[in-house]
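We begin with a single chain expressed as structure tokens, specifically the form predicted on its own.
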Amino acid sequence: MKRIGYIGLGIMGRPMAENLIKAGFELVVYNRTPAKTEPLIALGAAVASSPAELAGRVDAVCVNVTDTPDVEAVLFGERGVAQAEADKLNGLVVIDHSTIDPDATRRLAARLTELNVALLDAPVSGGDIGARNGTLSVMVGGERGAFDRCAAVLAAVGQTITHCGPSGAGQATKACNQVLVSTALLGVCEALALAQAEGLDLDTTIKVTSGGAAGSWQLAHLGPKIARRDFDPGFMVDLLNKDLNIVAHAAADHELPMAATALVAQLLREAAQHGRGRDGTQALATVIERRGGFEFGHD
């Protein structure tokens, strides 16, 4: 694997693509909004006019887009990856870093197999900080052989890279990850609300609790943002809402009760309804503020 294609240069995609360049890969990029390719061009990346053209020029294609229909469009839509010449597709690997439905992933993988293309579902966790630092956790489903072939590509963007099983296993693992992320975030919001009501210094509370059994990524990284009402997005409310819909569908298929996750999803929807959809997930705290009649950091 020497030449890698990258499709989708958003909050996560851009720094991940930059890390591939830093690792020495030749990069070809495509983005629906061409202006987003400019920072990558400045670092030496080439630009393709379509996913099909990109696929014809690389050994592997990384995809990092919003939702299941977006992945399907990139792969099978007009001028999608599948429209590349057959000889160019033979042996190609698609690494999908998007977070989408596990069942849809399995269907997409089956369609690509007919074209001699392997699909690795490889969603990530670690937020924009992990994307910038190359320290993401990458959970991968798909053929073991394709996973092994792409080991260096995955190592360029992640620190913890795990083959979770066959196609769809990466996405299923990500769904579990989002249950943990979202429920922990609600705990952070409620704990800090109680701390403020009790007259405690929020930064001190975060420091003390982060060092014990209550410590979490959400507390350490988003707790300080909540304390100073910084709602700039690392990962947006709308995207976590989308992910929890995936969780809800999977849970329904297995008739699993998911009471805590359902509550967080309800509160995130409320945040979006009040204009916080494109804010960071820590804007969940604004729902607690509104219901409690206070603002973090204010008496």
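Since the structure is predicted, the reported quantities are computational estimates derived from the model, not experimental observations. We number the residues from 1 along the sequence you see.
Although it is not shown, the form predicted in complex with another copy of the chain is what the next lines describe.
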Indicate whether N90 is a 4.5 Å heavy atom neighbour of another copy of the chain in the predicted bound form.
-> no
Distance check, T261 to another copy of the chain in the predicted bound form, heavy atom within 4.5 Å = yes
Any chance E198 has a heavy atom within 4.5 Å of another copy of the chain in the predicted bound form?
-> yes
If you check in the predicted bound form, is F147 within 4.5 Å of another copy of the chain, heavy atoms only?
-> no
Contact residue in the predicted bound form, from I95, M139, I226, L75 (heavy atom within 4.5 Å of another copy of the chain) | M139
Would you mind picking the one in A272, A60, L40, A250 that has a heavy atom within 4.5 Å of another copy of the chain in the predicted bound form?
-> A250
Proximity to another copy of the chain in the predicted bound form (heavy atom, within 4.5 Å), stretch among 182 to 190, 80 to 88, 147 to 155, 67 to 75 = 182 to 190
When another copy of the chain is considered in the predicted bound form, the residues of 204 to 234 having a heavy atom within 4.5 Å of it are T204, T205, V208, T209, G212, A213, A214, G215, S216, W217, Q218, L219
